[in-house]
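The form predicted on its own is given below as one chain in structure tokens.
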């Protein structure tokens, strides 16, 4: 069997992607100022406070949003900050619950006291506005069917007045809705962790201070891991992405050189 040149190209890309995933290279050590500010924002929140994390994304972007949500949950739990999770996008529900469950288990956090996952609610405008008055009224039962009024964490946090910050982990426009309704109407502090493609459209909100913090895609998640000195999936994924880009560039240069050499002969 004769191997074609493109077989070697596919093999080179495969190795470039898989090797850093198994053996992290930590290629870049430059950290974005947005990630530095976001970490400082979380560090300014007192232990025992509550942060609401909304998983506002589709399953198709899980490779980018999952490292973002995971590094945030690890930072919050490491500082004994409690988490109320929810989703305003149906596909983000199971992913959000899985991320919080795994990280809570890693830090030995107790459900109902240290964290709660409320589940999904449609009609995001009504849900965000309604939680400004009463979280149990919008979510009478949590993801597991528990009556939320019976959970000690929800008893202590009736609405946004007891929430230190809302973080929307988003791949679309739902972060805007949190600013429009939670920040503008109830003065809740809102931040966003976004897929890279969405960051440019959120920059006016961030520059004007309506968004207190912003993390930029997989690169931002890798920066966050570096700041916490806890290398994880984001750094490995960024290494794989960088290596794949480098190999593709080399293949383009090699292909053009071979074509030029062939014409010369």
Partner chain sequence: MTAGTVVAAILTLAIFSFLYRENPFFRFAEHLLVGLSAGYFTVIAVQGTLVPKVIEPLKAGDFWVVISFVLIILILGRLTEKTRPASRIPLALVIGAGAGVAVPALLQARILVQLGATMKPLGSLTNVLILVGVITTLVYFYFSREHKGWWGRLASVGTWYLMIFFGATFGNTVMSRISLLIGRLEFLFGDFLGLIK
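Since this is a predicted model, take the numbers as computed values, not measurements. Numbering follows the first chain given and starts at 1. Basically, rigid core = biggest C-alpha set you can superpose within 1.5 Å across the two forms.
The protein also exists as the form predicted in complex with its partner chain; that form is not presented, and the subsequent description refers to it.
Proximity to its partner chain in the predicted complex, defined as a heavy atom within 4.5 Å, holds among 78, 101, 184, 150 only for 184.
At a distance threshold of 4.5 angstroms between non-hydrogen atoms, residue 122 is in contact with its partner chain in the predicted complex.
Mapping the unseen interface onto this chain, residue 250 falls outside it, with no heavy atom inside 4.5 Å of its partner chain in the predicted complex. Taking the partner from elsewhere, residue 21 is found to have a heavy atom lying within 4.5 Å of its partner chain in the predicted complex.
Taking non-hydrogen atoms only, residue 114 never approaches its partner chain to within 4.5 angstroms in the predicted complex. Proximity to its partner chain in the predicted complex, taken as heavy atoms within 4.5 Å, picks out 125-133 from the listed stretches 105-113, 69-77, 125-133, 161-169.
Residues 60, 61, 63, 64, 90, 91 are the ones in 58-91 with at least one heavy atom within 4.5 Å of its partner chain in the predicted complex, listed in sequence order. For residue 51, a C-alpha deviation below 2 angstroms is recorded between this form and the one not shown after rigid-core alignment. With the core held fixed, the Cα of residue 240 is displaced between this form and the one not shown by 2 Å or more. The distance between the CA atoms of residue 61 and residue 10 is at least 3 Å shorter in the predicted complex than in the form shown here.
In comparison with the shown form, the Cα-Cα distance of residue 249 and residue 199 decreases by at least 3 angstroms in the predicted complex.
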